[in-house]
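Both blocks below hold the same protein chain, though in two forms, and each is given as C-alpha cells: structure 1 and structure 2.
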Structure 1
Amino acid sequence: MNHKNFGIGIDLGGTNIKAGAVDKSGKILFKTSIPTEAGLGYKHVIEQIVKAAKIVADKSGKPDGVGTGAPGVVDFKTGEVKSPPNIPGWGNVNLKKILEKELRFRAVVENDANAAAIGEYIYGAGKQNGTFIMVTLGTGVGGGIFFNGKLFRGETGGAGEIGHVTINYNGRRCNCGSYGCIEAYVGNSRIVADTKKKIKVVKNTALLDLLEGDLSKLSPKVIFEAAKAGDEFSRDVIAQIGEMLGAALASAANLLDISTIVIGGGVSGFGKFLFEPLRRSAKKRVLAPLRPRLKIIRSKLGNAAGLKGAAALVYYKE
C-alpha cells in the first residue's frame, strides 16, 4: 500500500517491539510485532527496532515521521535513551540519531509514560480540552500531566510520577525506596500477591474455584472474570484498589487543579468494578470547588495505547 499522512509508531518493550502505521485520525493502517531479544545484546535490540520500522515503511509508504516510546529515562530533546530496564548493556544510546540515519525519516523518541499521555491528547480521551492527568495502571503506575495542550515535564522531564504519590506515609515499602506509594498497592504483582493472601484467609471464594485451586494462575484478568461472574470477594478486591487509587488521584487533582483524569493500562480493564468505587473515593476526597468538575474516564486507546502513543509523537508539537 502507499498511504499518506500517517506516522510510524514503535512501542519498545522488554519482550516485544510493536510497530505500526497510524493515520492522523488514530486508525491503525498496519501493524506488526517482532521479538526484542534483549538477551542478544543492546546492539541487536537497536537492529530489531530499525527492522520493525522498515517492515512498516515497506508495507505502508513514506510516513510523516517515526515515533518511539521507550521505557526508562529519555531525553526527548536529544533523543537519548538511558539504561532502559530489561535491556542489559544499553547505557546511553541516541536512538533518534540512529533512526534518522537508518530510515531517513524524522524521528521522535519519548519515555513511554509520556508517549501514552501524548497519545491520549492526540487520539484519545484528552483530545477535547488538552488538560488532564493520564494514569497508566500496569506492572507499575505511570503518569503524565497535560495542561493546555502541553505535557508538563518538570525540571528534567520526570514529571507525572503519580505512582509515587504516597497514600500512607507509614505504609509498605515501595520498590522506589519510599513508603506507601500508590504503586506499592495497585501495581499488578502487588494486586496478585495481596489477593493471594486474602484468599488464604477467606478460603471459600468463587475466584478459587475459577483458579481450580491453583493460586499460581491468579492474575488481574482472572479476578476480573470472577467479579463479572458475581463473586463478591473479587469485587471487593477491585473496589479496594479503586478506593486507594482515588486517594492518590485526589491528592494530584488538588495539587494541580486539574479535574479530568484518564485511566489506561491493563488494570483499567476492571471496568465498572474499578471505576465506580474509584470515582466515589476521588469525589469525596477532592476539594469542594473541584468536586462538580471531576471526571475520571477510561482511556479510549485500549490495547493499542503503546503503539498509538508512539505514533502520536510525530504529530505532537510543544
Structure 2
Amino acid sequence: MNHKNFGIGIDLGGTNIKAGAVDKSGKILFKTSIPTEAGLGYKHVIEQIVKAAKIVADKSGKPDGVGTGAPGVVDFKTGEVKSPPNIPGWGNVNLKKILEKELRFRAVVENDANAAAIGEYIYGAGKQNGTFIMVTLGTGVGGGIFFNGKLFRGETGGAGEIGHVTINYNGRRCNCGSYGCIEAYVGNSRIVADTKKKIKVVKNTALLDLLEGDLSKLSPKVIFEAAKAGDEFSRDVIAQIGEMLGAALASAANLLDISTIVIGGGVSGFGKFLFEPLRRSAKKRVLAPLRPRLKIIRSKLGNAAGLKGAAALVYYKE
C-alpha cells in the first residue's frame, strides 16, 4: 500500500531492530522487527538496518525520510554513531551517510533514548510537560533529557546516559568499560544471568515450573508471568531491579533538579512489581525539596516510544 506523508522509524536495539512507517499524527501504518545479530559485527548490523528500512518502504511507499534511534553517543548534526556499548566492534560510524547512500532517502540519526524522549514529548507522557527525564529499559538502559521543551544533548550528543550512572563504585564491569553502572545490573541479559544464579540456590520457585526446568527459556517476560501468578521469588527479583533503578534515578533527579521521570522499554512491562519498589527507592534517596514533586510514570507509548520517536525525527524541529 502506498501511503503519503509518513516517516520510517528505525529503533536499533541490541537484540532486535524494530522498523515502521509512522504518519505525522503518530499512527503506525506498518511495522516489522528483525534480529540485530550484533555478534556478527557492526557491518552486518548496518546491513540489517538497511534491510528493515527496505521492508517498510516496500510495504508502505516512499517516505518523507528515515529516522534512526541508535544506542551510544550520537552526533545529531553529522549522524555519526560512536561506540554503542552493546554492538561489538562498531567504533565511530557515520550511519546517516550510509543510510542515505543505500536507501536514497533523507536520513536523520539520534541516540535511541533521545528518540524515545522525542516520541514521548510529541505523542505521549511528555506532551503536557516539557521538562522530564526519559529512561528506556531493554538490552541496555538509555536516557534522554527534555528541559523547557528542548532536548538537552550536552557538548557532544552524549547527555542523558543514565545507564552509566554508577550505583556501586566497586561493582561489576559494564560493557562501556566502567564499573558498577546500573546497566550492568538491569539490562536484559544481566537480569537473566543473575536470575539463573539465584534459581540454583533457591530451587523452590514456580518460575522453574513455567520453564519446565529448562533455564535456557528464561527471559524477563517469563519472570513477569511467574510474578503475576504469585511467585514470590520472581517478585523479589523484580523488586530488587526496582530498588537499584530507584537509586540511579534519584541521583539523576538530584543532579538535574527534574522531578518527572518517564520509563519505557520492554522491562517497564514488569508494571507494578517494578514501579512500586522503584518509587519507594527513589523517594528515599532524592533531596527533601524534590520528594513531594517526584513523579515516576510509565511511558504512554510503551514499546512504541522508540519507533515513533525515531520516525518523528523526520519532522522534529529544535
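Quantities reported herein were computed from a predicted structural model and do not represent experimental measurements. Take the two forms, superpose them, and find the largest set of C-alpha atoms that agree within 1.5 Å; that set is the rigid core. Residue indices: 1-based, along structure 1.
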Mind telling me which structure is the form predicted together with a further copy of the same chain? 1
Taking the rigid core as the reference frame, is the Cα of Ile118 displaced by 2 Å or more between structure 1 and structure 2? no
Using the core for the fit, does the CA position of Gly39 change by 2 Å or more between structure 1 and structure 2? yes
If you line up the core, does Ala252 shift 2 angstroms or more at its C-alpha between structure 1 and structure 2? no
Between structure 1 and structure 2, C-alpha offset at Ile17 (rigid core aligned, Å): 6.0
In Å, the rigid core superposition gives a C-alpha shift for Lys77 between structure 1 and structure 2 of 2.3
